[in-house]
Ligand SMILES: NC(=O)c1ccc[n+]([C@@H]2O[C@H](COP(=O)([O-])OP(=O)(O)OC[C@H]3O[C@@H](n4cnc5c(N)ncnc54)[C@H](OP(=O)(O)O)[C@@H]3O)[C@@H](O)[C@H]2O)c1
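Just one chain follows, in the form predicted alone, and it is written as structure tokens.
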Amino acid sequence: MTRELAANTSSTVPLRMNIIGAGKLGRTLARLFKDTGLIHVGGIYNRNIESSQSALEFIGAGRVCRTIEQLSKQPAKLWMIATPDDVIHSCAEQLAELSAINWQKSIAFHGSGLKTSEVLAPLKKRGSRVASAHPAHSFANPKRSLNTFKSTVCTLEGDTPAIEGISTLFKAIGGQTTTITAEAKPLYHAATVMASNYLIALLSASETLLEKAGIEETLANAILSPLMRQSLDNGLSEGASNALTGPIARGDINTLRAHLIAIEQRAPGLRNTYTTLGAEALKLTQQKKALPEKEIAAMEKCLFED
């Protein structure tokens, strides 16, 4: 199977791939794979027929299947399962019951950052090679992702032949591939969630405080956009401890108190957000050893005991 994929980089005969769950991630990857010429999109199945039709139009190829059983008429060497995490296993069970499909030497993979290839065990029992493949990429806008996916790190786990096969695909669309153990996936996924999803949650919290301060939306964006971009760039280039600025980095406990009083009065629901992130900033400040320990202790008390 791996040799087939590798050979296809110089061949005009693409391998067929069926897709179960063509949401934002699924349809983006399918379109990118299809555009390399390595993949011929076969069946597309979503629980919602309108979503399947939308995916078909975005991908520009394939055939909508109204039921998962209709995939029996779409034999394929590759199967991409891009459903929500909680239904990957049941989906694999349903697929394994498709007796018309020859699963021997096929590759089935899913796109979960948390779940391992073990959830595809029903297909592995039928002879398929299985893997998990998680691109560290935000697929909020699939059309934009077509242009920004290049250089995305794609973390792979599973059977060696499956990893080798899908690594060829991800490299063909400009991805960087690496492997991970099954045991490490929960921590890996937690890190990507914090860096991506929680960054958006932090943006929302900051917008809420500016709104409470009477600053209108357009101006709030003008304040936060360059500040967040500059801070992120500094953190990635200089390291988190070196990039940290602000009241905690300089030991300004009076500013912390003023912030906490204002938040308690106008947005009490964000107090825990402020103090939890403040605790992480304290750890960075402590690592630099730029302030006396008594100042660190005083700020910690201010955050959690005042």
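This is a predicted model, so every value here is computed, not measured. Quick note: we count residues from 1 along the sequence shown, nothing fancier.
The following text describes the form predicted in complex with the named molecule, which does not appear among the structures shown.
*Asks:* Just one of Ser51, Ser241, Thr275, Thr36 has a heavy atom within 4.5 Å of the named molecule in the model of the complex. Which one?
*Replies:* Contact check passes for Ser51.
*Asks:* Using a 4.5 Å cut on heavy atoms, which of Arg47, Arg271, Arg250, Arg266 is close to the named molecule in the model of the complex?
*Replies:* Checked against the cut-off, the match is Arg47.
*Asks:* All three of Ala92, Gly158 and Lys185 touching the named molecule in the model of the complex at 4.5 Å, heavy atom to heavy atom?
*Replies:* Checking in the model of the complex: none of Ala92, Gly158 and Lys185 is within 4.5 Å of the named molecule.
*Asks:* Just one of 232-240, 215-223, 175-183, 111-119 has heavy atoms within 4.5 Å of the named molecule in the model of the complex; which?
*Replies:* Selected range: 111-119.
*Asks:* Does any heavy atom of Arg129 come within 4.5 Å of a heavy atom of the named molecule in the model of the complex?
*Replies:* Arg129 lies outside the contact set for the named molecule.
*Asks:* Is Lys77 one of the residues lying within 4.5 Å of the named molecule in the model of the complex, judged by heavy atom distances?
*Replies:* Outside the cut-off, so no.
*Asks:* Is Asp85 close enough to the named molecule in the model of the complex to count, meaning some heavy atom within 4.5 Å?
*Replies:* So Asp85 counts as contacting the named molecule.
*Asks:* Is Gly23 part of the interface with the named molecule in the model of the complex - any heavy atom within 4.5 Å?
*Replies:* Looking in the model of the complex, residue contacts with the named molecule include Gly23, since a heavy atom lies within 4.5 Å.
*Asks:* Go through 153-173 residue by residue and record those having a heavy atom within 4.5 Å of the named molecule in the model of the complex; state none if no residue qualifies.
*Replies:* Going through 153-173 in order - heavy atoms within 4.5 Å of the named molecule in the model of the complex - there are no hits.
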